[in-house]
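Single chain ahead, by itself, as structure tokens, in the form predicted on its own.
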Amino acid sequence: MAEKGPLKMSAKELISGLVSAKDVEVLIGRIAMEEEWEPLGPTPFPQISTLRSWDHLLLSRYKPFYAPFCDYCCLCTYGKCDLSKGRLGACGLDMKAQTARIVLIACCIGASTHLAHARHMVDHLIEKYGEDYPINLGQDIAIEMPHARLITGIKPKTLGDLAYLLNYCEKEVTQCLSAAHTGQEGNYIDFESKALHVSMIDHLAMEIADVAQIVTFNFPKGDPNAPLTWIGLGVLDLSKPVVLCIGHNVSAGVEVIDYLEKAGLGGPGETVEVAGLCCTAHDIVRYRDQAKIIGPISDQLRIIRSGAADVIMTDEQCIRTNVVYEAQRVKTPVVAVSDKASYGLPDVSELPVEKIVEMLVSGSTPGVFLPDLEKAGAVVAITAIRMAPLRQKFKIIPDPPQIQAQASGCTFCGTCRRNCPIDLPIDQAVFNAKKGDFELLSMLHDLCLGCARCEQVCPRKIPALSLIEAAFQHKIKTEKYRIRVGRGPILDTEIREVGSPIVLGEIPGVVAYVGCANFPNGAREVGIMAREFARRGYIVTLSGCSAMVASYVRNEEGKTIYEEFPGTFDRGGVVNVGSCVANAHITGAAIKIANIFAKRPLRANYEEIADYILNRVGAVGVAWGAYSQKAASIATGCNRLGIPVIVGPQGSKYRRMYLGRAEDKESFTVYDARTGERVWIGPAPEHLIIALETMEECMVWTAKLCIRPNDTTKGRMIKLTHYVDLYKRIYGKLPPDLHYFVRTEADIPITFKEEIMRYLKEVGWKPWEKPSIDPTLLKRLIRAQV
């Protein structure tokens, strides 16, 4: 177990030959981090209330909008309490506060999940490499951990320093979660402030996890030319034993690869295929690009049922909780390595490798719990080799000739469709299959989320998900795509090149497609949107499942976006940063812009940096398939830093948005830091988090939310060109709110000038009297008081 912090000693009186002192407190172990590399800012190691005033400033403009889908609170034994129609619960809580409380709990779950991931990884790596292992991301990255510097004021140098930072994160998550207990916080804005706080901590935890694995496993260190690799079930050579890793913590997958190499069995793919699903897939190819990415979380059940895996290794997060049951249906043994997800399996930590392998191969147990990662690596590799010849015939995906027979029981009752989260016409597809027409079944494959709720409710026990998969088998077994390996952080040298054009608006924006695979209309939409904005000269960044599915769209030449566009953080670049925890590098890039380009002090200076990003850095996050609580905390963490986020229609189930009111001029009136005057800046950005229905809407709002008050006239003209062009393409007319964003005639896009001038005349637009050059929400940043 790693040392979790400095050794603290206290003494009432200390007398030696050189020193005589009273009430002495000595800290040993963190001396290296205390160096004065920059003057300490105002908010080191912020607690819940430290940044509360910043949160209240944000939320006075971006007011929480709630859409509760339950009128009751059932969290204590006084309940259930009906909170509808203005009623209060037994504890005095109203509906707004209760909904904000649920949002806080979701954000705490999300943050604690990344935090627990980081803790497990850092402790494991310290045990393996020692706490003095250096944090070194190469000569092009001097600001190694912008979140750590910004939030805590610490400049981490070793793995031991990361363990120390995790102590702080764990304390803050505990404090925030405790506020959700009965009889604590009662105000919805203060619940939201805590949600913002814990979500900020989430980004720090993600940064710690990813930097720890980058430096120790020698992942790409911000390499814009990180290698291309393959994704898709078609990439596997099924004549070889197959190890399938599922989850988010790659430490266990690394041990499998290390065992294969030490045992003389070669790297991944030589004698044994090592593949991954979800974020652990991103990270095993960052370790060895000969490993394979199978696909996102939504492919999980289908891949398990395909029977392709000879052994499944699960670590943590985003794993189907019935993985052992589903795997057993195709005789695939499971090795669970995380105590956060052990599935009731027997703990075999004390048994020798040979005995555990024998248990799994003989089928005496469907799986084992084995938290010793090195031993688990050996067990998994050997089990795959021994299971492969025994499992050739096992799969539960029917062959096409069997589809009609299994669909024959369908009565077209519609129960499956009514329980589908996205209302797919499963009933019609299965009924058609009953009559020998499989086309609709096949078409559903790209849209289906893979949750199998249709199967759970079917009164005739028809395996609809398996039928969909079977109808598409001919394609998925051969299709494969190119994806760039996750590169990790953005280089300081790249920030120096793009800082100015981003802040001035000449690069129209940075668009980040992040997270889960709960897509409303199939996975292809992310790739279509990413290509659209890369072609328009935006910087496109991707992570997690979104980075995977973006590769499913090819251009006219058959290239994926990773082959079509460079991997540089620059105009028209497409940057895959890596797994979920690599999301911290995207927000970290915004922080670096404020520090490297604008020279704003970074150390423990959260409010000023967030204020800078809100007003100047045209960045927007798009979580089009937002699904988990982690997505909620990632998005809310972006919001505290001043970055707006769009979620897909499923994201409305998070129950809360932060919405500005364009017509409310006072809320968009700020200080001009040069003069201290109050100036109206227009609704830019208009919202901090919004849920949208369609891909077309999302593209329009993406362009719009990249508009910032500080845009130069050239920059504003470029941004409005994209906004107007996308709006007209979809709606066939000019945006009805254009007058809010045209400050002077010089802002008007040349290609639309006559049309826009006519519109502005109709609405009575006048040039703004005082466009702000140095906007800020923070009164303390005014340089000359009026």
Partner chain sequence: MAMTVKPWQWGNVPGHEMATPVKGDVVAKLVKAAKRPLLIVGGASLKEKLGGKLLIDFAAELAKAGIPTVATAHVYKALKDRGVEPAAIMTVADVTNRLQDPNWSVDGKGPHDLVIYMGVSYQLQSQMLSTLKHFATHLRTLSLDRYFHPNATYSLPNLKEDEWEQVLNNVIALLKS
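Quick caveat, the model's predicted, so the values are computed rather than measured. Numbering follows the first chain given and starts at 1.
The form predicted together with the partner chain exists for this protein as well; it is not shown, and the discussion that follows is about that form.
- Between the options 596, 691, 177, 451, the residue in contact with the partner chain in the predicted bound form by a heavy atom within 4.5 angstroms is 691.
- With the partner omitted from this view, the residue of 437, 127, 399, 71 that lies near the partner chain in the predicted bound form is 71 [heavy atom within 4.5 Å].
- Partner proximity in the predicted bound form, defined as non-hydrogen atoms within 4.5 angstroms of the partner chain, places exactly one of 634 to 642, 79 to 87, 545 to 553, 115 to 123 at the interface: 79 to 87.
- When contacts are judged by a 4.5 Å heavy atom cut-off, residue 262 does not count as touching the partner chain in the predicted bound form.
- In the predicted bound form, the partner chain lies within 4.5 Å of some heavy atom of residue 727.
- The partner chain is not shown here, and in the predicted bound form it never comes within 4.5 Å of any heavy atom of residue 325.
- Contact check for residue 405: no non-hydrogen atom falls within 4.5 Å of the partner chain in the predicted bound form.
- Every residue of the trio 95, 412 and 652 has some heavy atom no more than 4.5 Å from the partner chain in the predicted bound form.
- Using a 4.5 Å cut-off on any heavy atom, the residues of 411 to 425 that reach the partner chain in the predicted bound form are, in sequence order, 412, 413, 414, 415, 417, 418, 419, 420, 421, 422, 423.
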